[in-house]
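Just one chain is shown here, as structure tokens, and it is the form predicted on its own.
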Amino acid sequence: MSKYTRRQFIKTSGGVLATIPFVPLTDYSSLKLAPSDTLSIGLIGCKSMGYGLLNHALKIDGVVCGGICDVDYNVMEQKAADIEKKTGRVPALYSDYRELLDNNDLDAVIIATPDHWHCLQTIHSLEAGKHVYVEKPLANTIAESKIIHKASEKSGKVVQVGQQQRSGEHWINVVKIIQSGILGKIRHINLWGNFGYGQGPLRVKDSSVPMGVDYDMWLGPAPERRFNSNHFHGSWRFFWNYGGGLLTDWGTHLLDIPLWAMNIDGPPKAVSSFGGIFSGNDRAIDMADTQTVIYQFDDFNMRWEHNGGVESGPFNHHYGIAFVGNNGTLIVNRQGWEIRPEFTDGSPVIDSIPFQECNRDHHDLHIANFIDGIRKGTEINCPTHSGYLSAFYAHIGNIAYRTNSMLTWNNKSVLNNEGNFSHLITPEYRTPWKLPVL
């Protein structure tokens, strides 16, 4: 990874904001692409996010569902019935994603499985000649994320990472504002994510595997353990073997924006983290429910914090980003953005901008961008390089916390004392699964 770079900021006044070419907040609810040859998409991981993404794809002209795959037959059967009702076509059903990938009529896949599966399924999909839309974080470890990025670059296929904010109009506009220099010198970036679900689920005992569930396939490369509903649908992300908690869930999305806006293309100068399970609630969770991560750069700081079980936060937002500059502070989340100016002799240095409402999740535009990339060669909004970088920043925050260490990098962008952290960087796969080697 190369040394990070940052665009030089130019001191400007609030009036310059009017000269920034903004992306219009257009209604894309009826977005259609010009029909081409039929594009057949398969879905791996049918519950919740995966099914939502597939539905966005099926609204585009000429896109059909070529098959769906899930380890839970109950979920898959329900989604198949819904797809038939909406499209008039019955998708083929697969319990093993490798069988779905053997379908030569399939052009692309959406991968929306737990994080510990992303690497194998993405690599196998590329080897099968499929285009890939893979959910964030890119993978459950740094090593797996790097493998996906390298494979994507070699494959010649379109790979979109599910960081849909990259396709959002108001996020694009916010990045332009930051890069214009209107806020003056950026000295601190604050990110926060306070969510009720972040305290983890209530504890439950291990139990028998539900009917219709291939639990061994669900575990895949992860260590073997008895079935527990907390380690399954919905709450698996609170256990290190499958996910990274709030930091890799929401943190991946939010960290992506300052990395993008500040033109960061490598590791920070140092990262440290502290926290713990401080809620006082007896919940099932491996990672911290309360955590702060400090990323140090040469001329600014960036801080992430989350408080699981709490749903209030700075500026009356339970999640968001604040870019703190000499001239003012820009606050943004998915609902919109605003600018609060600094003052000199009682006068604002730049214009105050009231909250600009958005209320769009942008999954539709992100999927459309993926389809355009396949059909027209359009530039992908979140290629694996961007997905790798945001996953990397989330993972190093968790590694610093888990090892109670300050991580630093030498001038060749190599992690110092990496041997002390190698078991958290590169996973050990359960037999017979093997970590791909490129």
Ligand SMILES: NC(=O)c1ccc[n+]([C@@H]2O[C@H](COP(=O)([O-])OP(=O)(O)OC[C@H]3O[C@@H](n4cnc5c(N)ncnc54)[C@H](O)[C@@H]3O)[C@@H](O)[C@H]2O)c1
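Just so you know, these numbers come straight off a predicted model, no measurement behind them. Position 1 is the first residue in the sequence shown; the rest follow in order.
Although it is not shown, the form predicted in complex with the named molecule is what the next lines describe.
- In the model of the complex, Val209 stays away from the named molecule, with no heavy atom inside 4.5 Å.
- The closest heavy atom approach of Val75 to the named molecule in the model of the complex falls within 4.5 Å.
- Taking the partner from elsewhere, Ile44 is found to have a heavy atom lying within 4.5 Å of the named molecule in the model of the complex.
- The named molecule in the model of the complex comes within 4.5 Å of a heavy atom belonging to Pro137.
- Across the proposed site, Asp70, Gln121 and Gln164 without exception bring a heavy atom within 4.5 Å of the named molecule in the model of the complex.
- Looking at 83-91, 151-159, 264-272, 236-244, the stretch with residues near the named molecule in the model of the complex, meaning non-hydrogen atoms within 4.5 angstroms, turns out to be 236-244.
- Proximity to the named molecule in the model of the complex, defined as a heavy atom within 4.5 Å, singles out one entry of Ile172, Met217, Val310, Val204, which is Met217.
- Note on the partner interface in the model of the complex: the residue among Pro114, Gly336, Pro341, Gly184 having a heavy atom within 4.5 angstroms of the named molecule is Pro114.
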